[in-house]
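A single chain, nothing else alongside it, follows as structure tokens in the form predicted alone.
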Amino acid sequence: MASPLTINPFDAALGAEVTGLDLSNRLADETVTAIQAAWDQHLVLLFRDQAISDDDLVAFSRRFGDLDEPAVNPQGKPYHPDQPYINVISNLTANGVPLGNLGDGEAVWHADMTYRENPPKGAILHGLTVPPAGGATYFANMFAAYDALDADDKALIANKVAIHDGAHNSAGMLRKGYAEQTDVRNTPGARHPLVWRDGDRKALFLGRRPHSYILDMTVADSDALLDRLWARATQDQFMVRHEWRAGDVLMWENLRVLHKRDAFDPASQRVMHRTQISGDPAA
């Protein structure tokens, strides 16, 4: 029986909406194969109007690889009391204690957890409660960004390796157990090539801009090159913007895109549940 799914590419450098599927049902293997192929091609996939449970989200996510457990909250407990593979993204609190990560502030351009030796392959985010305005998520295509570099910059970064900061989260907050460094050459975190290879294709692999450093360069030269690469990689021509609706499920390939989030009114409520798919080394 043919799969009912339809892939509708966005009018942008990346992204597509997938229609015709109910993610609360177990999908046929050929449907999962088609989703994976669309994901590889478009890097970001959107499924609208999904009335799924947390167990459904985990079951769907597992079809694309092993899952990482999220870190515990500052109180040493998981944000989700019943499902160890779900991370809660929310600005809500109870008795002054945050019920999720990231709050209502802006999250600057980044890829997730690239400070690890084996960064996650991807993430899947389910919008449960979304603010009436603000909180949009943006994605930028790092294949397109690399392709647009001039020949001199491609040659310059061909064998360069950068430190990916493990001391701060995407909101710029210092993680527990780390101290601020005054010299970026001492930044803790994994070392990854600036160019990520996928067969014959190449993509920029930048992680996060703050506290990054390119090995074997002066700090001034590293900063100048990183600033230039980041300015080019996050141009509008490589980007797509997603306005959330309740019931949206959005999945993105972490090693191939950057993403960020707008701030929103702290009086609004935002609750999202996220899974993370384990990955192989970036190089």
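All residue numbers are counted from 1 along the displayed sequence. Since the model is a prediction, treat every value here as computed from it, not as a measurement.
Quick note: we don't show the form predicted in complex with a small molecule, though the next part is all about it.
Undergrad: Partner absent here, but in the predicted bound form, which of 109 to 117, 195 to 203, 155 to 163, 177 to 185 has residues with a heavy atom within 4.5 Å of the small molecule?
TA: This holds for exactly one stretch, 109 to 117.
Undergrad: By the heavy atom within 4.5 Å rule, which residue out of 149, 167, 130, 125 makes contact with the small molecule in the predicted bound form?
TA: Among 149, 167, 130, 125, a heavy atom within 4.5 Å of the small molecule in the predicted bound form occurs only for 125.
Undergrad: Going by heavy atom distances of 4.5 angstroms or less, which of 47, 64, 39, 244 would be at the interface with the small molecule in the predicted bound form?
TA: Only one option qualifies, and that one is 244.
Undergrad: Answer yes if any heavy atom of residue 60 is within 4.5 Å of a heavy atom of the small molecule in the predicted bound form; otherwise answer no.
TA: Close contact is absent here: in the predicted bound form, residue 60 is far from the small molecule, nothing within 4.5 Å, heavy atoms only.
Undergrad: Verify the contact flag for residue 91: yes if a non-hydrogen atom of it lies within 4.5 Å of a non-hydrogen atom of the small molecule in the predicted bound form, no if not.
TA: Contact check for residue 91: no, nothing within 4.5 Å of the small molecule in the predicted bound form.
Undergrad: Answer for residue 238 alone: is it within 4.5 Å of the small molecule in the predicted bound form, judged on heavy atom distances?
TA: It does not: once the small molecule is placed as it appears in the predicted bound form, residue 238 has no heavy atom within 4.5 Å of it.
Undergrad: With a 4.5 Å heavy atom cut-off, would you call residue 144 a contact of the small molecule in the predicted bound form?
TA: Because no heavy atom of residue 144 falls inside 4.5 Å of the small molecule in the predicted bound form, the answer is no.
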